[in-house]
Ligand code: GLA
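The chain that follows stands alone, in the form predicted alone, written as structure tokens.
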């Protein structure tokens, strides 16, 4: 008999109708959604010249061919047969936060298992497993991780676009009728088509993210009644997923929440893993890349470490150039042996020097790649992904190693382990600097999905063997930024662009699904190595400070005054770190007239960053409106103003001077309605306002 299943994740509810045959019907989804009392008795279709039996369209993971004509979330066949799926015998079992739905199609010989995670953070997680229980090969063409139902009405999508150095560029557009597709075939999360989708329909808000680092697909299908089905899942190459008897395909997990706050809370509580189960203070980091590139000189690096420690830096990361004969990016990837020309006694003297200063030591690897100019490639050219008879495409002078082969994964693990087991290393910057092309395995078949899983497995293997070692996910910057990668990493390199003006938009976008404490944000040199733009140290430091703060320059190139200033901002960051990373405290507003506002707020302390990018158009800025937690009648004041204050203002009245100096107080209610009348800022200036309850 048909039955209903009601699940809740924080304020969100998901109600499914389990039929005798067919896919589960999504009866309700959203804040406070409830099951309709009339299901399954009232028909849901009035289509003229339709089917003689009711065939619902708002279903979880719809299939076609038996009366439903929407976009299929699952499709496959056995050499052209068994192309229809009709599951029956739905059963439900619960395992803690996981509810599992199971059913079978005896004719096609396919079993299905749908797992539904319900998180108190307000996040649903859906994943799908298909198993073949019949002789012959079942070719799976598509299997979405899950589906979600949106209400009817005008809807606005929020997506990311971008490129290298310009990731997480927010774009909003209305949904048109029909089907909206986003496909990514780069073999990683990508810079231009992140597996994220935000949707606003009236007052309802939804945010979806696929925890998958490979090719992906996001589909939004408009139903006849105006509602929409959202599907997210991995994207397969032709013939990539072939299931023999007893074989299974397990999808990644698609996550659904109301907003960024819920997704950030979920990442903190259920995605990230820490050695002792609790996040340690996020260490201020110096990364050597932009300060040195491939020019590794031991005496200079030791001196840089001394200067870094004096600045208050807590982690020193040695970037690319320490191995093989790596003098540029054309050689030595795959040869993970210390370059004795640069380090005659190995890395131990540098590591010991760094750790003696009280800093952690980190190191750069790019395990998945190989240069053709390398000992590894000369010995094992067959280890690179290729398709016989097709061009051997290069990118950044490198090829991709086939991690689906056990001998390749073992080689890489052994090389990484040899470094980690002999040196006091607590951090890896794990890089990936090219998109995947001609992803053919040893038998010539596509292995894009398997390569992604093998990469995750290698990361997990390293983490299991060295649980004290944190891993940063870097892929030409933010090219591999998803919850699948974060299952084994604790930081993302948000972008290779360290230009603070560009970072305003990059960091705002990434904040839609990442908590700030895992987003690497570095203070870099002047002029910017990417844009050539010159920006003040104050602007560069304040733009980075609310995230996982780092430094991307050679501190020996700084003047004494610059070092003093930077040390002050690092000390300020450390003091504010508990506030900036407090669960549920951070916020990031949409920019208005080139003014960006972000920070963190609790009931007794707020840090509000205000940065002006381009010159304002209006003759005066909008009042700064914020909704502080706590009682609306609580009186507050500006306890401290840091950065470009008052030098960054074009004109300031006596009253504004009193406001910024803390002489004037205001209620939380007035801040949420009237706001603060801040002065107009000059372009490329920033300030940090600390707000405290008034005594």
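All of these numbers come straight from a predicted model, not from anything done at the bench. Residue numbers count along the first chain shown, from 1.
We do not show the form predicted in complex with the ligand, though everything after this point is about it.
- Proximity to the ligand in the model of the complex holds for none of 499, 526 and 553, with the criterion being a heavy atom within 4.5 Å.
- Comparing 262-270, 606-614, 88-96, 488-496 against the ligand in the model of the complex, the single stretch with non-hydrogen atoms within 4.5 angstroms of it is 488-496.
- Taking the partner from elsewhere, residue 325 is found to have every heavy atom lying beyond 4.5 Å of the ligand in the model of the complex.
- When the ligand is considered in the model of the complex, residue 160 lies well away from it, no heavy atom lying within 4.5 Å.
- Using a 4.5 angstroms threshold between heavy atoms, residue 595 stays clear of the ligand in the model of the complex.
- Within this chain, residue 364 lines the site of the ligand in the model of the complex, having a heavy atom no more than 4.5 Å away.
- With the partner omitted here, the residue from 336, 196, 289, 483 that has a non-hydrogen atom within 4.5 angstroms of the ligand in the model of the complex is 289.
- Taking 254, 257, 474, 549 one by one, only a single residue has any non-hydrogen atom within 4.5 Å of the ligand in the model of the complex, and it is 474.
- Along 447-467, a non-hydrogen atom within 4.5 Å of the ligand in the model of the complex is carried by no residue at all.
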